[in-house]
Structures are given as C-alpha cells and as structure tokens.
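This document opens with one chain alone, in structure tokens, the form predicted alone.
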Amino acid sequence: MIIVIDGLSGSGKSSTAKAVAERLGIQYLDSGALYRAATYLWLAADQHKEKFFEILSSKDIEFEYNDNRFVVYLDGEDVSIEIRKQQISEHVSKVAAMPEVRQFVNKLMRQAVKSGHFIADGRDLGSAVFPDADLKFFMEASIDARAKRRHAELAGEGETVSLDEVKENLKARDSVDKARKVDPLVKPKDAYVIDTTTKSFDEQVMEISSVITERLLTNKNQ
C-alpha cells in the first residue's frame, strides 16, 4: 500500500507524514530528501551537468526510516544533516526540474515500495510517480505560515537566515515547481485537500490518520 502527500514547500508534508507513519506503524519515504541528495551532488560537481550525471550514476544511494528519522547515505556516508542546509534549499528546485534527475529518483522510490505499507511526501507523487496510489493528500498553507515554519526549522538546526530570505526562497521554489515542464506541481483531482494554515500539527496528523485508518479497515472487510 502506498499513501502519498503532495503539496507546497513548507506546508508541513514531511513532519506530518513522519508523524502519521509513527502513529500507524508504517514506513515513511521522503522524496524531498532524495532530491536534496541529488542537489548535494550537483554542488559537489560545481554545477557542471556532465560531471554531475557521471557522479549521480556512480554513487550508491541508500536510505532508511529509523527511529523517526529518514536517513540518506551516499556511498555509506550519512548526509542527512548536510542535505537540509539552506544552500541545498536554494538549488534543489532547479536540480529537481531536470528530467534525468526525476527519472532517477522516481526509480528509487518505486523500487522501495514494492512491498509493505508506505507513506511518502513530495510534489508530484500523486500525479506522476504513484498515480494509482491507494490514498492521496494535498497539503497547502499561506506563504507566511510556511515561511515561519521553515525559518523555525532552520533555526533549530543552527542555520542563520532571515525570515524574509526564507519567504523569498519558498516563493521561488513554488514558481519553479509549478512551471517546470516535466511533472509540475499540481493538485490531483482525487486527493484529499488539507489546508494547514490554521490547523495545529496534531489536528492535521489526526485528520490524515483517520482517513487512512478508515481505508485500511474498509480494505480489510472487503
């Protein structure tokens, strides 16, 4: 079973998906972390396309969800903290827009969910990667709410960046995500829409968990 949560940057997809996974005892898959890992390699290649694709194809990328933490390894090295830094955020939309990168990450995710129950978050999972997902959610929130959440997250990780910088970065990422030619950010017609602007974290987790639990019970009784 695959459940997907798509939505805008900073809408709370990742934290909510992790909490739902923990609550329901299912696996969590963070597509954004995989694109961030690719961006990490893009910067390591000095933003040189040919060199980047050589590195990308040669690296062993592994990941796991352990103790409420999604961990990404590059050739056995844990880069989970490095890929969350603001420098990565400033380039990730550009890297994620590359068709070759999207194909690479999509393949990794599809292989990962061949067995078991997973919940994954991203921007095009319900529309492109897993169009036949068992359940789809789409999370959205105002730009101010998203910027405050992202700013608090970065501050907690020791990053020094202003709220205005975070807001501008989110606006730029929204624009790139919605305008990219390959798999743009869209709201799937069959997705449950969750507006988190005024919802508490517990409320959004409970709402999504309830829908999933109801679906699991329905499938079990059929």
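Predicted model only: the values in this text are computed from it and were never measured. Residue numbers run from 1 along the displayed sequence.
The form predicted in complex with a small molecule is left out here; the points below concern that form.
Exactly one of the stretches 188 to 196, 41 to 49, 54 to 62, 172 to 180 approaches the small molecule in the model of the complex with heavy atoms within 4.5 Å, and it is 172 to 180. Residue in contact with the small molecule in the model of the complex (any heavy atom within 4.5 Å), chosen from 139, 92, 133, 119: 92. Shown here without its partner, the chain carries 9, 36 and 84, all of which come within 4.5 Å of the small molecule in the model of the complex through at least one heavy atom. Though the partner is left out of this view, residue 146 does not reach within 4.5 Å of the small molecule in the model of the complex, counting heavy atoms only. Shown alone here, residue 102 lies within 4.5 Å of the small molecule in the model of the complex, counting heavy atoms only.
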